[in-house]
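A single chain comes next, written as structure tokens; it is the form predicted on its own.
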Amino acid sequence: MATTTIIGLIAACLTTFAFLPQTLQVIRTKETKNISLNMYIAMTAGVILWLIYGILLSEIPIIIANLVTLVFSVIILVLKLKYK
């Protein structure tokens, strides 16, 4: 595996799983008043575009990272709308 791919996978893991604590907290507490709806709408749209970009380039680190981030981001976004 190329060094650049390894660096990409490590970066992908770190930035992707940075969303995990927030996702778990929102699921557990159902508290979303301090979460910006506009930020999560923009974030989710950006992640979708990054995912498309990764697919077009066939870049596994970009695809995996953004697929997982999309799941976390959508969960938070849906719960933000549900518990608004």
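This is a predicted model, so every value here is computed, not measured. Each residue number is its position in the shown sequence, starting from 1.
What comes next is about the form predicted together with a further copy of the same chain, which is not displayed.
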Report task. May I ask you to check whether I7 falls inside a 4.5 Å heavy atom distance of a further copy of the same chain in the predicted bound form? Result -> yes
Query - a further copy of the same chain contact at I27 in the predicted bound form, heavy atom, 4.5 Å - result: no
**Report entry** Contact flag, V68 vs a further copy of the same chain in the predicted bound form, heavy atom cut 4.5 Å
**Finding:** no
Query raised in the report: Does the 4.5 Å heavy atom contact test between E59 and a further copy of the same chain in the predicted bound form come out positive?
Result: no
Query raised in the report: Counting only heavy atoms, which residues in 47 to 84 are within 4.5 Å of a further copy of the same chain in the predicted bound form?
Result: V47, L49, W50, I52, Y53, L56, L57
